[in-house]
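One chain comes next, on its own, written out as structure tokens in the form predicted alone.
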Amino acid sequence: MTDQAFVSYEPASGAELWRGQACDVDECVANARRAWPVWAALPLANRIEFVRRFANEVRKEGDAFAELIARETGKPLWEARTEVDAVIAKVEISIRAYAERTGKKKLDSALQGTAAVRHKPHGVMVVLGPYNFPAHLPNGHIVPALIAGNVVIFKPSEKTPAVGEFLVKCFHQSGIDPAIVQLAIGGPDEGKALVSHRQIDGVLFTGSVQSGVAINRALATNPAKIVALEMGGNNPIVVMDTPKLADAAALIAQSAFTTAGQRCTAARRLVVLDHLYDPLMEEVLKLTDRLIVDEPFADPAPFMGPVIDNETAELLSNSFLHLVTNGGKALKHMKRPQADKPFLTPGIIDTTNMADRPDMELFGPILQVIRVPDFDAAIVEANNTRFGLSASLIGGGPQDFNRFWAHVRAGIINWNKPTNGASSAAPFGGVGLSGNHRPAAFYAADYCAYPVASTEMDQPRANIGVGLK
């Protein structure tokens, strides 16, 4: 595995950005196992001090970090800056979360001694990161894991290794030993080797449902390993009566096309009541026509950049064509302005009359529109998926949202807000094929440490009162 070279290219230009060798998985794990007892034995206050120093390192390197994220992912510079801000903010949020979710508890009784609940780290954790938020999303696993006393082997997506390397460098510059947070460059083979390694104690994954299910299957007979899966979504955004159709259109565009649609929380399906269809789509199409698609550093700043690579652009183009040729009606054709670059314009397609709409995550700027006669039918359609990550209701009143919240299956349910842009101060996760009931963000502390119950007395005191001769 160590002989293979990995190369990262800038999506917007095709230029080579980074080159490196695959890691030695066994060596990474051996280093981590040696480092773990020392890190776990540090007082919590010391571990917190280290991650706060890390936040300061990221703050100092903020401009260079944002520029690298923009170059390697293709996302606009303004959006890359928000990702760096999220990396910094994650530290204080994770400190608060650890105190709230895994705090010590004691119940004292003079005769019965003390009952206590404390938490222990799992040990060596593998973090597998995605390419769409190559710093923020893995960082959301790494920082809580470190605070809890785990050590981390981080394998970034093979499409964004440069950002992964930069993130790990910031941990090392903060004084954290290189064996405590290690970078593991590699592809599927290295990922599989890390997941299945007998000396790994946990796998924290963010990525596609195919990869997540493969991890789940590989570890199905090994309940000793903690596994947290954050996968994708076929997310609905439902529109009811509202006088603010222009605002509704803005929420729809933000939900569907931010990050070129490369967010697990992006709206994939717009569910709209029949009588609103024409006026709403007029606003949506008018706004979508104004969205600027360009390279990350363009002036004026683009709304969205390219998708991650040409292979992905080709796959999305073929998916759009499949929808059109199988009963969909194109409302706005998705175009690829340059055949050799992965830029795509937003595509909108009415799939109401498709006999068999595919229930899959099309990870790019494609929005399917589905007309329904009433709110009951809208809820049925919103739930017409095996996924369950994010859902939004636009319009209606409090009672409508209460019904929507009660009946829609999702881990994130919003009202008059986009499907994306979730808060790190709340849990982040879904049901169905979107996750395995281990939400991340504020609840990441739950899977980074396990509770230990104790009953304690300072002296042995007992007798047997029944059943003695």
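Don't overthink the numbering: it's just position in the shown sequence, from 1. Given the structure is predicted, the values throughout are model-derived calculations rather than measurements.
A second form of this protein, the form predicted together with a small molecule, is not displayed here; the remarks below concern that form.
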Among 394-402, 132-140, 280-288, 365-373, which stretch has residues with heavy atoms no more than 4.5 Å from the small molecule in the model of the complex? 132-140
The small molecule contact in the model of the complex: Val272, any heavy atom under 4.5 Å: no
Please run the contact check for Pro188 against the small molecule in the model of the complex: heavy atoms, 4.5 angstroms, yes or no? yes
Is it the case that Thr206, even though its partner is missing from this view, gets within 4.5 Å of the small molecule in the model of the complex, heavy atoms only? yes
Is it the case that Glu158, even though its partner is missing from this view, gets within 4.5 Å of the small molecule in the model of the complex, heavy atoms only? yes
Among Ala228, Ala378, Ala248, Ile215, which has any heavy atom within 4.5 Å of the small molecule in the model of the complex? Ile215
One residue of Val124, Ile176, Leu128, Ile349 in contact with the small molecule, assessed in the model of the complex (non-hydrogen atom, 4.5 angstroms): Leu128
